[in-house]
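The chain that follows stands alone, in the form predicted alone, written as structure tokens.
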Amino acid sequence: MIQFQEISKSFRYNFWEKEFKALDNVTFSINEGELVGFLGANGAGKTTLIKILMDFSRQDSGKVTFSKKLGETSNQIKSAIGYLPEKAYLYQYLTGREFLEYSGSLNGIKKGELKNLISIWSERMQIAYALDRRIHGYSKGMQQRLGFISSLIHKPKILILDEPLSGLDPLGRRDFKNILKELNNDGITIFFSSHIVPDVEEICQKVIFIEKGKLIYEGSIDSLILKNSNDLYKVNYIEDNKIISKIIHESEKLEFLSKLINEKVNVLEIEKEKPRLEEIIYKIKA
């Protein structure tokens, strides 16, 4: 759906300093229907790449290619994208309702349909009670929810979200993650950046990881975890009315399980010991 080909971008903050390379020959793709997490520490280059994707900034070299499914012209492609920046710049002296009406009108949504969509999404995002208040009175989390609604109210084919979970309380993060999964199940491609690894591991199938402007990994989370797993298994079983946990090596798995079965021991669970994505990411960085 979107292909990044050898994207590089440098900045010079003043004449006397050397150029800082924010992105260094980055190549990866976002395919239709994927829910992709874009990982990297603060300053890794995530926001720079997203700004290039949105055409807010231009790369020094390389190319961003869009699938024809997003449209043939620049305007069609932009209409097919929903975007939420890390800091949503909302019109503070409009009410939440006025802002969503304005956002929807820019995308040509008819008034009747727009009214219905605002009602549905404000209830879903739990800010319906505040829609007629001016935005400057909203908390950071409420403004994040309102900005999120504005990014998806025109039913985009792909959502581009820059740190959408920042500034949210635990319940807000849970709600956002559930909605992202629902939208993806409905066929919307989602690409969101984060520096919170567990959030990405929880809902994404694929991860892109960059460090200091360079691509470190692109691929499935499961493949990365299995690649970095050991040959140990955890077996939980009941013995003398107690739950026993035992770690065994793969080479002894069949013999140990056969022994338990022959002794008519109740085996509750056998699970391969796997590292969390966060552990792997820190190991790659090291």
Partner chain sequence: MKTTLVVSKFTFIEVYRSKVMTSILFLALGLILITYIASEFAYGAPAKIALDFGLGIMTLSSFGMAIFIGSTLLTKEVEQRTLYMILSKPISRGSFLIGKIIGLSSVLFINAIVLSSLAAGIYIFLGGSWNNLIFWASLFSFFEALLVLIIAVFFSLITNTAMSVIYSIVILVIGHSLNETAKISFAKMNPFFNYVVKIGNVVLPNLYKLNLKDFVIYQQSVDTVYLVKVLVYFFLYTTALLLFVLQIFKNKNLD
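Residue numbers count along the first chain shown, from 1. As the structure is a prediction and not an experimental result, all values here were calculated from the model.
As for the form predicted in complex with its partner chain, it is not shown, yet the points below apply to it.
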### Task
With heavy atoms only and a cut-off of 4.5 Å, decide whether L106 touches its partner chain in the model of the complex.
yes
### Task
Consider A88 of the chain shown here, and say whether it contacts its partner chain in the model of the complex, taking contact as heavy atoms within 4.5 Å.
yes
### Task
Answer with yes or no whether D55 is in contact with its partner chain in the model of the complex, where contact means some heavy atom within 4.5 Å.
yes
### Message
Can you tell me if S150 lies within 4.5 angstroms of its partner chain in the model of the complex, counting non-hydrogen atoms only?
### Response
yes
### Message
Within 4.5 Å of its partner chain in the model of the complex - does that hold for a heavy atom of every one of S79, Q92 and R134?
### Response
yes
### Query
Considering its partner chain in the model of the complex, which of L180, I188, V207, L84 comes within 4.5 Å of it through any heavy atom?
L84
### Listed residue (E211, E98, E202, D175) with a non-hydrogen atom within 4.5 angstroms of its partner chain in the model of the complex
E98
### Summary
Among 258 to 266, 21 to 29, 6 to 14, 273 to 281, the stretch whose residues bring a heavy atom within 4.5 Å of its partner chain in the model of the complex is 6 to 14
### Task
Pull the contact list for 38 to 52: residues with a heavy atom within 4.5 Å of its partner chain in the model of the complex, in sequence order.
K51
